[in-house]
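What follows is one chain in structure tokens, specifically the form predicted alone.
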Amino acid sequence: MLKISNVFKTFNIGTINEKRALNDINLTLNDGDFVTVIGGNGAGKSTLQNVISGTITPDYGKVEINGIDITKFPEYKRAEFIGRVFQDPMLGTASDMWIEENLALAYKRGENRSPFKWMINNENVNLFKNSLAKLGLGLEDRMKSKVKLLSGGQRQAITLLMATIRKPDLLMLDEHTAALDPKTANLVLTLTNEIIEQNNLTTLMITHNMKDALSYGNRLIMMDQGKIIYDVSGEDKKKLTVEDLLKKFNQTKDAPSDAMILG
């Protein structure tokens, strides 16, 4: 379970560029929740994920996972709890390392022992190979290929697998298909949904695509000016349309057209 309590974050305090990115955020994700997050540019979506991951420290408030206060934990220490996939396919992998070496690193996430001494063995190579085969991309036959030789979509699929090969307490997806072409984005989203459902992962997914926000997950939140202005789940979410979301956006100060994709 993720619990965020009274979180504030302001950048460039005391300057003309002062910006309150998060304004008293309170949010609870129960085990198995798949929450899509939408909002205009500068609404606070990525700042929220960065506060959860430890990339940014909040000015005030608390972040808890499974009852553990991780607010002051450094980013590397949160790796035990959190798996994350970024928008840029290049960020989630070590490009000069083999596919199996990248998976070995991910498999030992949060532990101190050398991943290569302990994890590159027949048993775990078979585990990695079987996991890759489930992606349906033929990567199980390229275990010793350097990741930099893969396409963007293949790299993002590898990153997704790395983020989930050891079931995280929280999976965070930061517009992880935005840099991909539509066909590849659809493939990665389908794989994402399958992995989340099969493993009952608690997930927070930022997207600018309103259709995707409606199609995936059991809950949707909308952010604006550092606040959560809309939170809908279950049957109420299933009834929502793109037109409903556009109406909500039109009630905010930011025009939706510069930030959102209808899908």
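Counting begins at 1, following the sequence as shown. Remember, it's a predicted structure, so these values are computed and weren't measured experimentally.
The next section is about a form of this same protein that is not shown, the form predicted in complex with a small molecule.
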{"query": "Single option in Ala213, Val63, Leu204, Ala43 placed near the small molecule in the model of the complex, where near means a heavy atom within 4.5 Å", "finding": "Ala43"}
{"query": "Contact flag, Lys19 vs the small molecule in the model of the complex, heavy atom cut 4.5 Å", "finding": "yes"}
{"query": "The small molecule contact in the model of the complex: His208, any heavy atom under 4.5 Å", "finding": "yes"}
{"query": "Close approach of Thr47 to the small molecule in the model of the complex, 4.5 Å, heavy atom", "finding": "yes"}
{"query": "In the model of the complex, Asn12 touching the small molecule (heavy atom, 4.5 Å)", "finding": "yes"}
{"query": "Region of this chain that lies against the small molecule in the model of the complex, out of 65-73, 194-202, 230-238, 35-43 [heavy atom, 4.5 Å]", "finding": "35-43"}
